[in-house]
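In the form predicted on its own, a lone chain appears below as structure tokens.
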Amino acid sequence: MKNAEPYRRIGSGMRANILKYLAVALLASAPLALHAQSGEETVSKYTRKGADTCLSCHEDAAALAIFATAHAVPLDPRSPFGHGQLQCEACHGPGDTHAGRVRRGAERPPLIYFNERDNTAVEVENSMCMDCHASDVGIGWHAGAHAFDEVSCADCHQSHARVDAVTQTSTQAEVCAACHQLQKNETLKAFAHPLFEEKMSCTACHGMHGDTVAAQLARVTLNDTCYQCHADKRGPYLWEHAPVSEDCGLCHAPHGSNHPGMLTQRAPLLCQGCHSQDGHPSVAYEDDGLASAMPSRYLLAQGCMNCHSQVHGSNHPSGTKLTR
């Protein structure tokens, strides 16, 4: 990128971007584009040499890696490094005061530093990304938990990396687990979805950007999300099991469990949470049924599904009790 042509034109969209950036910066009381020189404040302008100016200092591998990404495709007009665009300053803001001379001992005026809360507000960071990626996010983002908790795009995405870890099935779970420790612990239980075996991604079930449901699911309901993979449990059935059609989470722990089938409890305790023993030969088997010398025979290999095997539903004419 040496000897880059000086920038002489700024499109209307970029001018709007500049004005928005300056307005947010002033509202946040963060002098991101202001520089005090001899007691006067001057608004920072764009550098004449663009990326050449930036790369004269920022020659580390992390900065240079952007040239292997879609952000630095010179023939793509949508790219910050496309013809007539502002290169590094398209995302980091005007930088002539940052790159210019500063008095001895004075701090260099900051630019927009992504994922550094002491220098840049989350609103400023995200507004820069949204200028190009608004269609990738959608209006639902603003009602989601990530926006409520002031998560920035840079908390998950690495715009300079050759491969963004959060977009890859093999590495996405580790990125999400940096914040979602409880869910990570659940996936390490005996029976779990294979997130950390690189066979499944978090976004297979969760929509991180444009969803407004409480758990940010990929589909409108939990059941519809589960049916993406477990279509054989969808039905319709001649004889339905009511909790199955209502909510898969009534019986299953979605991230992981120590019980087979990722159940929240083992049978018969799980079943007896809804089904009374009246009119049925079963009893509520609990740990007090264990004798000191020999375990109770009712606790060994005892389970409702030994007989009621079609627990999700049955299409058999005689399957009213889900036994066949």
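Quick caveat: nothing in here was measured; it's all calculated off a predicted structure. Quick note: we count residues from 1 along the sequence shown, nothing fancier.
Just so it is clear, the following notes concern the form predicted in complex with a small molecule, a form of the same protein that is not shown.
Student: Counting any non-hydrogen atom inside 4.5 Å, which residue from 132, 238, 188, 220 sits next to the small molecule in the model of the complex?
Tutor: Of the listed residues, the single hit is 132.
Student: Is it the case that residue 247, even though its partner is missing from this view, gets within 4.5 Å of the small molecule in the model of the complex, heavy atoms only?
Tutor: Result yes; residue 247 sits at the interface with the small molecule in the model of the complex.
Student: Can residue 76 be called a contact residue for the small molecule in the model of the complex at 4.5 Å between heavy atoms?
Tutor: Heavy-atom contact with the small molecule at 4.5 Å: present for residue 76.
Student: Would residue 105 count as a contact of the small molecule in the model of the complex, using a 4.5 angstroms cut-off between non-hydrogen atoms?
Tutor: Result no; residue 105 lies far from the small molecule in the model of the complex.
Student: Considering only heavy atoms, tell me if residue 120 and the small molecule come within 4.5 Å of each other in the model of the complex.
Tutor: Result no; residue 120 lies far from the small molecule in the model of the complex.
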